[in-house]
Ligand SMILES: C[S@@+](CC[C@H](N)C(=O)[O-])C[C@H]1O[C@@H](n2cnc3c(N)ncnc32)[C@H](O)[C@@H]1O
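As structure tokens, one chain now follows by itself in the form predicted alone.
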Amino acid sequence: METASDSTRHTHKVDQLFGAIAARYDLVNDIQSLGLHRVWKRRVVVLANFNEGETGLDLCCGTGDIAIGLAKRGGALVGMDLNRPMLLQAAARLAKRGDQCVRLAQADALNLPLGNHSLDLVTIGYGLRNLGSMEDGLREITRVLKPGGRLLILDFGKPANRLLRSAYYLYLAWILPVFGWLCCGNASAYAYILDSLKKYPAQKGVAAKLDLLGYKSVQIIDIMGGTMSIHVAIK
């Protein structure tokens, strides 16, 4: 059973890893996914159906890809992340674009500085898997969502096909750390992905947890044979 101290240590470790690679995070993502991560994030933005007059949160926003996409759709949008170097990258991108539609904030996903039932939308891209406690993170998200609010989760998945899963794990174990070392001088940050994925319940496990929290219409969208997935759920 995971304790509060375990969760704190995990959060600190992840924060250090992402802080070390923040400056080249987008570059490595483009290389290792052949730019497809941007396509998947745009799909999240479209599925989110974020409209004028709504309030939204892009949690674990990183360098701001999803937040920037959502802001173009209208509505009041906050990009939130615990990692300050990542937020600085997002701020630099927004400043370069002259974009004032996204408000950035540093906060822990397990203790959101937001009121109960205050949001129409929460998105989280490649962040749920990294939280100190996924269950606590989902409970916090649920607390801040309005009844009828939408939650979209983009993350690594576990392919159902055993051969594809084996090849995928091999890629994550050997190729991604090489990209991390070549581009960032940090292989451990990318070796961590496979470790975190093995502990992550992925498609069906996350859907089951959402069901327990009372979400309805929980939809799983598999991408590239289930190597990635998007959950769309209504509170």
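The numbering used is simple: start at 1 and walk along the sequence shown. Given the structure is predicted, the values throughout are model-derived calculations rather than measurements.
Absent from the display: the form predicted together with this ligand. The rest refers to it.
In terms of contact with this ligand in the model of the complex, the residue from Met86, Leu119, Val102, Leu152 that brings a heavy atom within 4.5 Å is Met86. A single residue from the set Ala109, Leu77, Leu138, Ala90 has any heavy atom within 4.5 angstroms of this ligand in the model of the complex; that residue is Ala109. Only one of 197-205, 172-180, 24-32, 46-54 lies within 4.5 Å of this ligand in the model of the complex by heavy atoms, and it is 24-32.
Each of Thr11, Lys41 and Leu82 is positioned with at least one heavy atom within 4.5 Å of this ligand in the model of the complex. Interface membership of Tyr215, defined by any non-hydrogen atom within 4.5 Å of this ligand in the model of the complex, is ruled out.
Mapping the unseen interface onto this chain, Leu210 falls outside it, with no heavy atom inside 4.5 Å of this ligand in the model of the complex. Within this chain, Gly157 is remote from the site of this ligand in the model of the complex, having no heavy atom within 4.5 Å. The closest non-hydrogen atom of Ala71 lies beyond 4.5 Å of this ligand in the model of the complex.
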